[in-house]
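What follows are structure tokens for two forms of the same protein chain, given separately as structure 1 and structure 2.
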Structure 1
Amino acid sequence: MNLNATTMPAIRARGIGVAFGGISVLRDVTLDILPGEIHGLIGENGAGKSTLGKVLGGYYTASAGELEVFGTRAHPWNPPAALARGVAIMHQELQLVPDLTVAQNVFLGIEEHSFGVLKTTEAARLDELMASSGFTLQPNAVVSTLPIADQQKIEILRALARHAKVIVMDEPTSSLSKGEITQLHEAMKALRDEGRTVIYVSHFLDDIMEITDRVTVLRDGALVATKITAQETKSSLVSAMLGDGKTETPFPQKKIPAKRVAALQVTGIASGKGANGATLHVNKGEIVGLIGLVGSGRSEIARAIIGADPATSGEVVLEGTAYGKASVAKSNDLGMVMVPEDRRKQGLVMTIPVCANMTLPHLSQFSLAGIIRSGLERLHAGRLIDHFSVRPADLDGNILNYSGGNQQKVLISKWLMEDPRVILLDEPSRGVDVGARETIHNAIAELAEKGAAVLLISSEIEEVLGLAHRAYLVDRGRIVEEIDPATSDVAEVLAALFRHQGTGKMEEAS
């Protein structure tokens, strides 16, 4: 784009401030978003990037300051007013109606009608929209039956369907594969070429470097700088985000367990949800990864192991003791816990505060004669808040108002409170920034160092290779190969995954 300072801004923000419950999360933010640009918003979790995106998109109302949209004051400013002025927002946390179809969700509220009678044209309109965006979905599929990656695509298509002049995309790639991210970036470029503006909130700095024209850095609720992306490096952006000249840190050093003592042994585990005879083991003090393409069945294997999905066959042995008919409650009692992929629907209770979310599975630890000792409860929760640098550091904070990354920290804290023997981590760093990733990665390494067995699932192959002592490749719910992360790179792993795709057969070790 032509970065002409005299161009009238698409959105002009002056002195924007936002506070929740008396706690300031944005302070005096002044910023111009230009027409026909892809503008990145970056910062650590809790820095205010998603909050600013929601203010610009009309989802939050600023408690201080003023907005102008294409030269006219934006007041009142809410989602309907924003849409009427050509501004749409695509949320990080999915805002879909699970019982409606793909097409119905995409065009919800903008259906075609004649004399008050809805026309059944959504499927045909969706076909046109998908052709221009590169995404492929079944228009009549019910949303609740789809994986998170496909639901993420629906959110993107919803924003595109509203023909907005400005589209705020809040972490749109968190559940997408590499190929799907490429498709999204091509769609964003097409929007820019049409003169539309994309505000891209993301913690993936490689994506920011690749696709944005300018990038705004936030730290602790304040604007640090707005920069021309082409004049920056990934290290310079990380330094601006973290302050004090800090740069991105490497993965923690792997410490090999002194002895190989099996903590978790799984043989032929299968379920009606996608696990298909998987066999694996994890030793005490060991981090073992599951790597697979989208839809490979990684999460389904973990859910069958812990009993979230009933196993139809197979055996789970925990520290030498086999148990059948596993359930989440039974597994937790035996010291095996799972951090699920979807923090809002499966991991957190969004209607209770931070402290209660952390301690909910452990209330017996804080109870005496059926009465909760709130002082002890808050002491333990406070220690975890400090350890994971949850921001705001408020035991009574409303979890709904926390950034996705800080919600993720609360979720992980919840399951580490009682030092589990085995922990299954499904996408533990999804939606978090470089600083929070370091905290989470160090916590995973510390768990293993204390003797816990860790089964790690991540869509980021680099994350598994960086943290795991061993890793399994997964296809169609089966383990198809075991690899050594120390001698493997991302290209080799991807080549192996595509080679195995559709076979579902374990290779003999070479």
Structure 2
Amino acid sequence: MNLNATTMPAIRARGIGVAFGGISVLRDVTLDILPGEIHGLIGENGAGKSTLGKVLGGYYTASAGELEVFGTRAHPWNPPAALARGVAIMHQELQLVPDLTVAQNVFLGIEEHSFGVLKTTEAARLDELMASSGFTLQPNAVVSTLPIADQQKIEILRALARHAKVIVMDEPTSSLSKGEITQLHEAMKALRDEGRTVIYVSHFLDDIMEITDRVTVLRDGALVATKITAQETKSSLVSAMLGDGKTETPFPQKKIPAKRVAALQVTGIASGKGANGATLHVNKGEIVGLIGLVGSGRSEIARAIIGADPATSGEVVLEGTAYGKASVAKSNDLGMVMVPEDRRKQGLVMTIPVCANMTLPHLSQFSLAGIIRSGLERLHAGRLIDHFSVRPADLDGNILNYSGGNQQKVLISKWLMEDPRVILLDEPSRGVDVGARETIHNAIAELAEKGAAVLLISSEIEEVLGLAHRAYLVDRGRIVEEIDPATSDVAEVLAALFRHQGTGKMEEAS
């Protein structure tokens, strides 16, 4: 990176302000982003990172300030204008067209095909993009059939396909595996070495420390500082994000349940969707992790257990009672709940306000003779908002406009404040900031302490080791090893995962 003061910045922002309905969410943001740098953008949930990214990409119009791109005023400014000037953005919430193929999504809006048939030049271009980024996908696969990690790769390819000189990547790694994150980092470095600029929004401070040249910290819509990464530490960044000299806290202490009482016993569950004969159990008061590489079938095992995907074989026993044919509704009635991985598709209802999203699963609690007692409902939701510091703290807020991390808080709070007997958590802290992560970790520990059986899926091995009493390693939809988190470290677990990879003895999931 060239920090020479005479370099013309790729982006020059002066006093940028953004307000929605009179509420200001970005204030007086002034910064230069240089050609050929990887520039980190960090801050708590709702700090304004995505909003700033969307201003750069032309999706939001700044209500104050000036934006220059390569020395020329960005005006008029909208997504096509931004693209034409070389600024592309990869959104935090994936924006793919589910019914189109990988190739169609990558070239959407810039396609050269006629009558829906890809030109051979495009097929070649896609090959080239996949080779340079290291992400390999089937060009003709329909997007809705692909796991989130693959969809995230499509977003990345899509930005690359636009020959952008400046690429805003808004939390691109949230569902990628360690290996894929490394690939993405390599692709980012290659872009930097070609003189292009990457603006990298991430809650993973290790990644920010490792790959960025400079990093800008936002807090409550204002810019705290832009720093040279090499002169910072992870904890100096955390304090800058949180203010008041706060730092990251360790995992809550693990309480060992007094008695071993099986809450959930699963034998040989298979679904045809990726669960492939998994056998596991979780005792009351226990947190049990499922660790696997992306695509190993962790989520699919959980989905088969709760009945979100119909099980084709296997047995689920809940507190000693065989369960029979599972469905999500029946599972919920019996006290088994799941916080899904894909909050937009499976978790939240985007057309109803925050309050209703929180109380939705519990409406019977709030109704008397079929009439919802809205006072009680609002009281309950208000407590959840406080407990999880959902921002904005507005019961009637439009969930669609909430920052990614705050949506996640809403989704998770609705189940964590219940008293489920068994809870399946799929990536519960994805996209949430250090403060909210701690709240979620404490809530999980408290649930277990109250006697719930917790099955925890997380791509962050550290998180599983930090929270779980026991953990299973998963490959091809089966359990291949059980580990003791107290005596394992991340490197060992990763080595074990790679050792087991593809060794799943059963036939492949169809």
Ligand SMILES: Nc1ncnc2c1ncn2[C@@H]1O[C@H](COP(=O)(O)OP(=O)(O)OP(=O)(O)O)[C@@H](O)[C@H]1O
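Numbering for residues begins at 1 and runs along the sequence of structure 1. Between two forms, the rigid core is the largest collection of C-alphas that superpose within 1.5 Å. Note that the coordinates shown come from a computational prediction; the quantities given were computed from them, not determined experimentally.
**Student:** Form predicted together with the named molecule, is that 1 or 2?
**Tutor:** The form predicted together with the named molecule is shown as structure 2.
**Student:** Using a rigid core alignment, state whether the CA of G65 is displaced by 2 Å or more between structures 1 and 2.
**Tutor:** Yes, its C-alpha moves 2 Å or more.
**Student:** Taking the rigid core as the frame, does D127 move its C-alpha by 2 Å or more between structures 1 and 2?
**Tutor:** It does not reach a 2 Å shift.
**Student:** Honestly, after the rigid core fit, is M417 moving at least 2 Å at Cα between structures 1 and 2?
**Tutor:** Yes; that C-alpha moves by at least 2 Å between structures 1 and 2.
**Student:** How many Å does the Cα of S24 travel between structures 1 and 2 when the structures are matched on their rigid core?
**Tutor:** After core superposition, the C-alpha of S24 moves 2.9 Å between structures 1 and 2.
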